[in-house]
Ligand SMILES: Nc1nc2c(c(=O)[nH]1)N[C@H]1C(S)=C(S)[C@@H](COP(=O)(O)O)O[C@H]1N2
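To begin, one chain is listed below as structure tokens, in the form predicted alone.
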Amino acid sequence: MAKHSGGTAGVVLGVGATAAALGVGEFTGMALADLSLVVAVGDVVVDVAPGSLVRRTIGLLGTAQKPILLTGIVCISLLLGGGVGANKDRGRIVFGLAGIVGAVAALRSGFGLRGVATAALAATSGIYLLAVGHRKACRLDDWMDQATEEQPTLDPILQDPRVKAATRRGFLGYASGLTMAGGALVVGSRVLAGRTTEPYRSQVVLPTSRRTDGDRPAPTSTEAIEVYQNGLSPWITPNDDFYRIDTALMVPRVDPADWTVRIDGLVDSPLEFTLQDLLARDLTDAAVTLACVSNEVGGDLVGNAVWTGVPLAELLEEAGVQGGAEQIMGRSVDGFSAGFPRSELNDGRTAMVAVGMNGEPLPFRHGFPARLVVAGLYGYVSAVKWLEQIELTTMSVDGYWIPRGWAKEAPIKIASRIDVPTRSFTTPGRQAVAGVAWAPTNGVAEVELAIDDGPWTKCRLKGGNAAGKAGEAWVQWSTVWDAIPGNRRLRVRAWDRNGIVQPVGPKYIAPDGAEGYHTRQVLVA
């Protein structure tokens, strides 16, 4: 072991070699196979993690869960590299083991030999760069050895302090330069990852002539509730603001020219459709609110959009569903699966293979080129993105989340949320209070607000009767509150059209969704 590759210098060398190896793996993986080894390892972590841990991290971190997981994997890798940087032999073992882990993760993600080759190249790069750094450190050690009192005949050129400084700078510059090179390669891999995303999506044009699945068209922005209530969620959630919770650590890039979706399983005639096949059909627009089962009371893992697609019932009718088919199981290109009882479609709710969102082709992060949208069911049992298969099965088949502790059947709960006031304090006098409420598929009939322990008072509604089949979209609600000084507690609850009131709760999100009244504490002064 080189003396001057120990200590701080060894840590810097190990971190630099690890960063460069990660960069080589990310860049090569993207160039060869749209593969990220970090993401592949992250997928393994997600799949083997206990369901309770996943629930807690979603509740704590929300949409930041994935970036934090990936960042954690990178940080742990750099820490391991720094820990063995001072010992070339240990470094060789650690890089070799990391290469094996990366190869297994890549194989598990379906990348085959290209994934194995990428992992092998990354590990080999780390081993080689670490060895080069140790050779540089040994040259520095040789200089220092010759400079001891036992070596009075030191070559004059080595007595020059400028040579000593240059040698030390060369070693440290190499070690730190590896980190910068690794960062540059990672940036390059991200460029490669996005190089074909928008061209794929730009190939898709939604037909302008589409049916409306509902009683009346959706309200326009001018018909929505008054804008004086700054902070109120819009009736239509913009695509960029729509929540995203799924198991994909990296959004799959699907070429629409090669994509198909199969309908098989317990059907008389298995079918397969291309994207152009779906676009050529009589498409439907429907306003549907989707919610994540991990949404806490008052949370933002919920959104409303106008989805465009082919009614699922039409496709199933063409395939001829057999009598023993009890469940509709969707499967994604990334291996995710979610299933719901076939009987859920008997009430005529919106259920479609969606190809559009708010008048545009589906964004990649929301399932391009096609996904399932089923009104009234939490996403973990229905909303399969990047759809590639619809299988008719018995109820004995479980989707991805069921063995991880979530309920087999998961209707969305009646819920309401206070958006306005946006701050925890306000001034005395008349103040706006507003928010959104949803009760798919029955629809919201009333929303009520209570101040402190006072009576429940009805609020004004907008949107619920104007769009969406049987109230599948959320409503905006508003009222005016005569605020008096003091610490005030605002509570909201909703009623559906069947006369069922929102549960008072509190109930935790597992295993089938949170329950409870959203409450806001406001200081009036």
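Residue indices: 1-based, along the sequence shown. Note that the structure is a prediction, hence the values are computed from the model and not measured.
Below: the form predicted together with the ligand, not depicted.
No member of the trio 235, 287 and 437 reaches the ligand in the predicted complex with any non-hydrogen atom inside 4.5 Å.
Looking at residue 386, you'd find a heavy atom of it within 4.5 angstroms of the ligand in the predicted complex. In the predicted complex, residue 379 approaches the ligand with a heavy atom inside 4.5 Å. Contact check for residue 334: a heavy atom falls within 4.5 Å of the ligand in the predicted complex. At a distance threshold of 4.5 angstroms between non-hydrogen atoms, residue 200 is out of contact with the ligand in the predicted complex. Exactly one listed residue, out of 355, 291, 444, 328, brings a non-hydrogen atom to within 4.5 Å of the ligand in the predicted complex: 291. Of the candidates 419, 246, 344, 391, 246 is the one whose heavy atoms come within 4.5 Å of the ligand in the predicted complex; the others do not.
Only one listed stretch (265 to 273, 105 to 113, 72 to 80, 371 to 379) carries heavy atoms within 4.5 Å of the ligand in the predicted complex, and that stretch is 371 to 379.
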